[in-house]
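Given as structure tokens, the chain that follows is alone and in the form predicted on its own.
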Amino acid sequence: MIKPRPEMIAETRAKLVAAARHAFGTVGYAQSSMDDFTATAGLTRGALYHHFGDKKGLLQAVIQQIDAEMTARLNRVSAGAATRWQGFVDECATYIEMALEPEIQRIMFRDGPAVLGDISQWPTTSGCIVALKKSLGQLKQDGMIIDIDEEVTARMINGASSNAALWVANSDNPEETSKRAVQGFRTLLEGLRSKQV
């Protein structure tokens, strides 16, 4: 039976993304070739160009997939915490710690910025800022944090956590750098706590 066109399109895209993700995660963006992706996926270069435009477009699709997975993991971390505040802090710390994972480190925090530019300008960043702003608003409403401008604070936390993750990913000693970054970030967030809590 012939598959419906939307199903075939989704399958083709998924094959190319999976092949590219494996290559980007193991040998890196610069060392991977479009011919390798298409051969691994059993598709033609024409399919790659049709669905993603070029190798850079395929990298963007891989980053979107990884970002969605990271967000789901962070949501589980936050949901599993004893308090909303602890969930917020743990979520921020876990984001930084994810930069230790080889695939995330290479694709999200090394090759991604090198190829796509400033991480703060990526399309997914606005969603992160909205989520942080919402969390901060809830924490403020609960009296857990001081009276702050939620958008300003969300943007500052997003920038600080992104830069901490970039620092970890590009460090000569990522494990040690991660410990220092997470400790410093936790200390920074403590400055938001309400004195009444």
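Please read all numbers here as calculations on a predicted model, not as lab measurements. Superpose the two forms; the largest set of C-alphas matching within 1.5 Å is the rigid core. All residue numbers are counted from 1 along the displayed sequence.
Quick note: we don't show the form predicted in complex with another copy of the chain, though the next part is all about it.
- For the candidate spot formed by V17, R21 and M98, no residue has a non-hydrogen atom within 4.5 angstroms of another copy of the chain in the predicted complex.
- Only one of 148 to 156, 35 to 43, 58 to 66, 134 to 142 places residue heavy atoms within 4.5 angstroms of another copy of the chain in the predicted complex, namely 148 to 156.
- When contacts are judged by a 4.5 Å heavy atom cut-off, P174 does not count as touching another copy of the chain in the predicted complex.
- At the 4.5 Å threshold, heavy atoms of G87 stay clear of another copy of the chain in the predicted complex, well away from it.
- In the predicted complex, no heavy atom of L48 sits within 4.5 Å of another copy of the chain.
- Shown alone here, A114 lies within 4.5 Å of another copy of the chain in the predicted complex, counting heavy atoms only.
- Residues R180, A181, G184, F185, T187, L188, G191 of 172 to 191 are found to place at least one heavy atom within 4.5 Å of another copy of the chain in the predicted complex.
- Relative to the superposed rigid core, L189 undergoes a CA displacement of at least 2 Å between the shown form and the other one.
- Once you line up the core between the shown form and the other one, the Cα of G159 ends up 2 Å or more from where it was.
- After superposition on the rigid core, displacement of the C-alpha of D172 between the shown form and the other one amounts to 2 Å or more.
- Between this form and the other one, the CA-CA gap for V115 and A169 widens by 3 Å or more, being larger in the predicted complex.
- In the predicted complex, the Cα-Cα separation between A30 and N158 shrinks by 3 Å or more relative to the displayed conformation.
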